[in-house]
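Presented below, as C-alpha cells, is a lone chain in the form predicted alone.
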Amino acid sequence: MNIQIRNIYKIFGKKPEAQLAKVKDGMGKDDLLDATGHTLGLDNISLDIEAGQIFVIMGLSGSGKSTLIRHFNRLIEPTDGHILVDGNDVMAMNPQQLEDFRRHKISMVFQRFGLFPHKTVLENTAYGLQIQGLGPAERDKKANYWLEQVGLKGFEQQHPHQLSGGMQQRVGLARALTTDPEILLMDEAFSALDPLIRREMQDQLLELQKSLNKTIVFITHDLDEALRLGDKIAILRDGKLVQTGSPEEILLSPADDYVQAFIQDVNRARVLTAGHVLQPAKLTVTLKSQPAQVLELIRSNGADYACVLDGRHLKGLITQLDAQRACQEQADGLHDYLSAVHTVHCDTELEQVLPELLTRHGGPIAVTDNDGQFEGWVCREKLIALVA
C-alpha cells in the first residue's frame, strides 16, 4: 500500500489548534514552548512511502519519529494534515472504518514487545486473529505457521517470561504478521535487544520481506540499522524533516551538519551491500546466440564484452576477442568461449566485496539475487565513493 503524508503538524498542549497559525508562520519549537507552554511535536511533515518499501524514519530522542509513526494508525491525532493510504484519508475515517483499518490493514511491533504475560506464545501470536473473530482452529493454524517462520517452532506453549528478549520480539513480529497486514509499523522494534540478537532480527526481517513485500515503516535512532534496512530513509530533527533519500544519497550527500554528524562514524563497508553498488549490464546475449551476431553487438555498442545468460542466470561473459575467435573457428555456440565471472550475492556486505574488487585486476564482479539470477555488476566507482 502506498502511504502519503501531507503537511502533518502536531502540537501538544491545552489549546493546540490556537497555536497552529504561529507555527505555520515560522515559530520554532523552543519559541513556541516559551511563549505558549505548548510543545511542537511535528512541523509540516510530508513524505511519500511506496508499496513494498522498508521506509526508515530516524532521529535522536525528541525528534518526533515515534510521534509520527503513531499518526499512521491514529494512536495520535494530528493537529493538522492528512495521511492517505492508497488514496484513503486515515484522518477522515469514522470509528468503525478506523477499527477495521487497524484490524485488517495495519499492525504494529513495539520496542518493549507488548506481550500478554498470562498468555502462551501461541495465544499471544493468535491474539489479532481472535479480535478479528476467527475460530480457534484457523487462528492456531496461522499462528503456528508464523511462529515457524520466525524460528519459534516448539515454543508455542511457553510463556513470555520463559523466553529471551530476542525470542519475545520474534513473538511480537509473528503476532503482527499473523493478521496479514499490508502495512507493518515497527517502533524501535529491535533497540532493546543485544547487538548480536539485533542483527539476527534485522537479517530475519530482510529475509521475510523478500517474500512478504509488505510496506514497512521502521523507526530507529541507529543510523547503521537505518542504512542496513531502509530502501528510503527520512531523518527528523526537532519535529522537522531534514532529509529524505536512499542510503547512498544520505551517505554521499548529507543535507546539513546534523546529518553529517550522524554519518561521520558509520562503517559504511559493514552496513551497505553489493545491492547498494549495483549497476545494470550494458549488453546481454543468450547462450544460444550465434558468435557472429554477438561480435557485431559488442562492436556496435562499443563494449569490451557481453554477459551471456541462460534464462536469468549468468553463465559467464564473452569478450570481443573470444567472440572473434569463435567466428574464425566457425563455432556453433558460445559455450566454449566464455570467461568465468566472480559472483557475489546482493546482500553481501561491501566489506567482503572490497577485497575481491582489489584482487581481481579489473575483472567485473557479478551480483545475483536469492535465486541465483543475474542482477548486474558491482559498480567500482560507486563502491569506492561509498566506502571512502
Partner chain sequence: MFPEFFSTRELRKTIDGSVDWLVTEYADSFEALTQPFLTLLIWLEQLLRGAPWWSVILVIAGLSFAASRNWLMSAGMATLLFFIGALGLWDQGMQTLALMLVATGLSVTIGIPIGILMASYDRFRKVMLPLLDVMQTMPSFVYLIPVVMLFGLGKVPAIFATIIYAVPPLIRLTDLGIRLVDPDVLEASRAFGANRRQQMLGVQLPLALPNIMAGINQTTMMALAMVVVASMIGARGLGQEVLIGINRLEVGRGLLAGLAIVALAILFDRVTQSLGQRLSAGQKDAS
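Numbering follows the first chain given and starts at 1. What you are looking at is a predicted structure, and each value in this text was computed from that prediction instead of being measured.
The following text describes the form predicted together with the partner chain, which does not appear among the structures shown.
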| query | Non-hydrogen atoms within 4.5 angstroms of the partner chain in the model of the complex: do L75, F116 and A176 all have one? | reply | yes
| field | Interface residue in the model of the complex among R325, H345, H342, R70, criterion: non-hydrogen atom within 4.5 angstroms of the partner chain | value | R70
| remark: Only hit among S107, Q149, T79, T220 for heavy atom within 4.5 Å of the partner chain in the model of the complex is S107
| said: Would you classify G128 as touching the partner chain in the model of the complex, given a 4.5 Å non-hydrogen atom cut-off? | reply: yes
| query | For D265, is any heavy atom within 4.5 Å of the partner chain in the model of the complex, or not? | reply | no
| request: Answer yes if any heavy atom of T215 is within 4.5 Å of a heavy atom of the partner chain in the model of the complex; otherwise answer no. | output: no
| field | Interface membership of H313, the partner chain in the model of the complex, 4.5 Å heavy atom rule | value | no
| task | Name the stretch, out of 157-165, 207-215, 82-90, 256-264, where some heavy atom lies within 4.5 Å of the partner chain in the model of the complex. | result | 157-165
